[in-house]
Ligand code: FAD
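In the form predicted on its own, a lone chain appears below as structure tokens.
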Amino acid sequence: MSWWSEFANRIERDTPLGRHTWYRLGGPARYLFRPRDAEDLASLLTRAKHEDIPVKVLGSGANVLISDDGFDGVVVRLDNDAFCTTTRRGTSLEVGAGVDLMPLARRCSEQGLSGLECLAGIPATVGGAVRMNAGGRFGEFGTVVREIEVLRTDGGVETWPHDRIGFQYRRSDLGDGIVLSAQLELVEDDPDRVKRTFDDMLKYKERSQPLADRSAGCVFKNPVGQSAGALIDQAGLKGARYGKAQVSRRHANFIVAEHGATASDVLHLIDLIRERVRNVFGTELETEIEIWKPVRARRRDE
């Protein structure tokens, strides 16, 4: 009997991951698991830990580059109803980790709930937005998060207040914890004003970023006091290519994937950019996107 037999109707084997990412790149997941609820996910984590099988959560796939070799472990998708509900109590929202951030921000702006309009044009699930403190020049998700519910790797569930989450620039202190839900505190405001702000910010993103192309958003974090995109542009790399991957001509901190591109093409271009910027400016660029490199699990399928 396989270690995963009790989850058989919720596990897919050797599933291509590219279809679940904005890049449309990446090899297969050894197992793709869609838990029914938090208890189901906790059971899977316990079994996987016992079998020494790595586990990763894949949200909207908008900020990730997956190796062409895929992931030799369990990839979790929190897209069942238990993780995709939203409950409003006045100006507070309790939202599941699988809720899509962009439609949530749009709905809140239409209802006159201010606080998320600064995230217009930023694709993410709520869980991913917590983990990376999603945001841009207009604001960050962490500013509206009051507390989160976290599933530990041992199956225990904890509530973390805002201060414990450790929000910083494009990161948090979640470690291996998995976000199950988040409580947000917004501000009631004039719906027309909030919706207008949302629309203006979205239009700005559409003008300045290659949103229609296959990308994973900004590839690099901005160094302190500098713009990663400006550094890449000034290093003469706007439009640079490797294989079927190209530095966007619209925004140099985006790498777009053309038809026929591979994850390896993008990775080579990332390395080229880092080396050139280091040599020209003496600045070390740190990736903002999450790169899934091959991980070999112990095979105990039978």
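So that there is no doubt, residue numbering starts at 1 and follows the sequence shown. No experiment lies behind these values; they were computed from the predicted model shown.
Below: the form predicted in complex with the ligand, not depicted.
Asker: Report yes if any heavy atom of E12 sits within 4.5 Å of a heavy atom of the ligand in the predicted bound form; otherwise report no.
Answerer: Answer no; every heavy atom of E12 is more than 4.5 Å from the ligand in the predicted bound form.
Asker: In the predicted bound form, is there a heavy atom of the ligand that lies within 4.5 Å of any heavy atom of G73, even though the partner is absent here?
Answerer: The answer is no: G73 has no heavy atom within 4.5 Å of the ligand.
Asker: Although the partner isn't part of this model, could you tell me whether A62 comes within 4.5 Å of the ligand in the predicted bound form, counting any heavy atom of the residue?
Answerer: Result yes; A62 sits at the interface with the ligand in the predicted bound form.
Asker: Should T125 be counted as a contact of the ligand in the predicted bound form, where contact means heavy atoms within 4.5 Å?
Answerer: Taking the distances in the predicted bound form, the answer for T125 is yes, it comes within 4.5 Å of the ligand.
Asker: Would you mind picking the one in A48, V256, L58, L32 that has a heavy atom within 4.5 Å of the ligand in the predicted bound form?
Answerer: When the ligand is considered in the predicted bound form, the option within 4.5 Å is L58.
Asker: Which of 84-92, 191-199, 156-164, 214-222 has heavy atoms within 4.5 Å of the ligand in the predicted bound form?
Answerer: Within 4.5 Å of the partner lies stretch 214-222.
Asker: Which residues in 147-179 have a heavy atom within 4.5 Å of the ligand in the predicted bound form?
Answerer: The stretch 147-179, when checked against the ligand in the predicted bound form, contributes R170, L174, G177, I178, V179 at the 4.5 Å heavy-atom cut-off.
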